[in-house]
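To begin, one chain is listed below as structure tokens, in the form predicted alone.
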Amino acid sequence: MKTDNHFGAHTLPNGLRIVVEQMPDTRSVAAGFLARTGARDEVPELAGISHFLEHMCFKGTTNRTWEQINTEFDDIAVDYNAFTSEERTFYYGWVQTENLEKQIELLADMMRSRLPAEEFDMEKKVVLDEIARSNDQLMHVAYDFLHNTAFDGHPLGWPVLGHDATVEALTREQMSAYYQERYAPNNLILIAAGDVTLERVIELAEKFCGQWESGPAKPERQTPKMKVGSVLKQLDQFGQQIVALCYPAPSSVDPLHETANAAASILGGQNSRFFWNIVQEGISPDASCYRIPYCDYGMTLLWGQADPQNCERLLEAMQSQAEKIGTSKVDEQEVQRVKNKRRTSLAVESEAPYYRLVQIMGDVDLLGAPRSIDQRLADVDAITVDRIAEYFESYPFDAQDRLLISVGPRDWQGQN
């Protein structure tokens, strides 16, 4: 089924979706398999299994050892990797056009991993080491603590990497059951962008994936609700304190999504109000505002890092800037600056198959279909001073609806 002059889509009989953007002026192709599963799809006792499984898909198939997988990727000079998030897992590569068939064959083979028993315990140690290194970084600790507090009792509350105890207890049998359910072809999407046609990708998908058997339908996700209040995590091993304010915000599929990003950038992006009024004032060496959007919920996060004795000053400064932007219109110059940066970013990304691959991956997963660069630019062009004001009317920085967290050596919860 053609969707327009550049996009094409098709579904194999086993449920595997194929989405392609043809970029005729390029000489390379990026392609990847999206597994529509992530940390929020796990039960508590399996926290971290999606990320661990991502590791295991590189460890061997019935056709290849892990050494052969890596060597054959290198043989075609592919830029390849994978990542796991709260809502998805993505395996991808970017190659010269003539190497596309080999790349898709390799990725498809990985999607049918045998989860080699001889590699399972060794890779578990690698994941546990990754968790330990994450726990040594203040920002990672604060981010995980924020989610655990904000979504206590909900799957979004546990970290993508999982916990020491849950990963340590995972068995290969548990992973195999999860893998069989979540990596069925009807829960996978093959995406390609670059110098390729839909017909060519269909041909390769039928050749390498057509024999896969469908699995059960993906279970429904629970919509979260953010907790409010003020919570401390005291950790003596760090010398700095992180103070963060979290507020409800639009989801990834909300029409206000792009406007919300612009508002966050004006408040706490590059050359922002936070930069001039907090960082340049010496209150914090690093203070920002950004959104954490999910398919059915979103948060706006105001955070800063400071010496522990500066917590009150940092909190007051962030609250002051949030109140100002929420109650008075932003400047036209601020809006244009943010829009210009976004336009430049989209223009650059539109010329590279890998960046288009990642954009399409998000669109297809969240919206069901890809958006063109022109559609994305139209969303940016629609941002105005008045629209940002309307956004803050819908999503105000209301003290009654916020979550305040403090992570670091000081026993301080910002109760002011």
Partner chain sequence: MKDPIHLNLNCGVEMAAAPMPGKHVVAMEFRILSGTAEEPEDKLGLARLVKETIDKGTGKRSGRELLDAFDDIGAPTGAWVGREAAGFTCICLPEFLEQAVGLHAEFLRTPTFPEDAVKTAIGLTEQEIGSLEDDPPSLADKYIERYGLGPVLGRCPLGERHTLAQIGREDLVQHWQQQYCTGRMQFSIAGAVDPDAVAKIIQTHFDGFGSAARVGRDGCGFTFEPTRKHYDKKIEQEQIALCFPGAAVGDDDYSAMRIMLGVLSGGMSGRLFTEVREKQGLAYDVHAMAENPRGQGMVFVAASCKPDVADQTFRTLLRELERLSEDLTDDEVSRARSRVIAREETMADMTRSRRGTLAADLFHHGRPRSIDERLAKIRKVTREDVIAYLSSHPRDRMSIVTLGPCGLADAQTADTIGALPNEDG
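Quick caveat: nothing in here was measured; it's all calculated off a predicted structure. Numbering follows the first chain given and starts at 1.
Another form exists, predicted in complex with the partner chain; not displayed. Remarks below refer to it.
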Original post:
Does Ala306 make contact with the partner chain in the model of the complex, using a 4.5 Å heavy atom cut-off?
Top reply: yes
Original post:
Do Lys59 and the partner chain come within 4.5 Å of each other in the model of the complex, heavy atoms counted?
Top reply: yes
**OP:** Although the partner chain is absent from this view, report whether Gln96 comes within 4.5 Å of it in the model of the complex, heavy atoms only.
**Re:** yes
Original post:
Can Glu123 be called a contact residue for the partner chain in the model of the complex at 4.5 Å between heavy atoms?
Top reply: yes
Subject >> Heavy atom distance at most 4.5 Å to the partner chain in the model of the complex, all of Val19, Thr171 and Leu256 >> reply: no
**OP:** Tell me, please, which stretch of 198-206, 290-298, 224-232, 237-245 lies within 4.5 angstroms of the partner chain in the model of the complex when heavy atoms are compared?
**Re:** 237-245
Subject >> Answer option from Ser251, Asn148, Gln319, Asn310, heavy atom within 4.5 Å of the partner chain in the model of the complex >> reply: Asn310
Subject >> Residue among Gln103, Ser284, Thr89, Asn261 with a heavy atom within 4.5 Å of the partner chain in the model of the complex >> reply: Ser284
Original post:
Does any residue in 336-352 get within 4.5 Å of the partner chain in the model of the complex, counting heavy atoms only, and if so which ones?
Top reply: Arg337, Asn340, Lys341, Arg343, Thr344, Ala347, Val348, Ser350, Glu351, Ala352
